[in-house]
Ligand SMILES: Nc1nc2c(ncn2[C@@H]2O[C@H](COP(=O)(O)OP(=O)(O)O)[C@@H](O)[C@H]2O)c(=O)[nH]1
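Take a look at this single chain, the form predicted alone, given in structure tokens.
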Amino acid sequence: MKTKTGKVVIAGRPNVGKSTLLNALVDQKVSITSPRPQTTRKSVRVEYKDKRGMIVFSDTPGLMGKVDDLVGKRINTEVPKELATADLVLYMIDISRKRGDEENKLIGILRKIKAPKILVYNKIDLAKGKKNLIAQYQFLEEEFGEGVMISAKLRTHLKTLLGRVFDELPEGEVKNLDPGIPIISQNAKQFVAELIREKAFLNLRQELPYTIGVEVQEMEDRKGVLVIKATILAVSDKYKSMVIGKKGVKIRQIGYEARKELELLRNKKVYLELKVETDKHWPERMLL
């Protein structure tokens, strides 16, 4: 049987469900998720294999509208760069949200990309009654063809979507089709840093995620215990205090949630030492 292979870039505006879709497609957590914009800051690439061939999925940050901060500007450069190398684009739309400037900006970029595209209507589980706004997007089918209706969260119609993906990809030789463990572009320290950042996003106030980063200084297996030492970086002492919380409540909760998920993912005991420091230059050092 002839196999298919290629790079598939998942694109969409913030919070459309790109990372949730990737995690569901490879049946493993490889990309962090939260309800906040800027959750995904750098593209995450993951190999997927089955008897039909191999796909390198790329989960891109959500393209934002007007941005003034360094983090936002860095994120917006990531999307066109990944799209330029795509063999196929999954253009994801949240049909429970109104079309806006971010959507129009992304459509303009996608029109310049020569790779074939599949229109993916996500969050059909939420698009009920007045929240079903698919009519605002169906004009796109004239350019991209009939859309695929899915719920990434509930894993609805993902087999149909994956079939469409393989249909569109070019033929190519794949020597080893053993699915195995998904290979991701992040190393272990980067993945742990992202997981800690996810827990911080889920526990902190709305404005804080834009001002924090995470660095893992140490990650070592000691007598069956995974020992991790990491730092949450804030751009000011004000935000540092907010991350720590009154009597250290916030930082303990972030550390607890990160440690429990790591133990589940790694299937071993985890010791996580988490501290908070002020470093107003972390975006320049970590994102450029």
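Since the structure is predicted, the reported quantities are computational estimates derived from the model, not experimental observations. Residue numbers run from 1 along the displayed sequence.
Beyond the structure shown, there is the form predicted in complex with the ligand, which is absent from this document and is the topic of what follows.
Using a 4.5 angstroms limit between non-hydrogen atoms, Ala152 touches the ligand in the predicted complex. Contact check for Ser58: no non-hydrogen atom falls within 4.5 Å of the ligand in the predicted complex.
Interface residue remark: Asp125 is counted as part of the site for the ligand in the predicted complex, having a heavy atom within 4.5 Å.
Using a 4.5 Å cutoff between non-hydrogen atoms, Thr231 does not count as a contact of the ligand in the predicted complex. Partner contact region in the predicted complex: 117-125, out of 170-178, 213-221, 189-197, 117-125, criterion any non-hydrogen atom within 4.5 Å of the ligand.
Residues of 7-21 lying near the ligand in the predicted complex, listed in sequence order, are Arg13, Pro14, Asn15, Val16, Gly17, Lys18, Ser19, Thr20, the criterion being any heavy atom within 4.5 Å.
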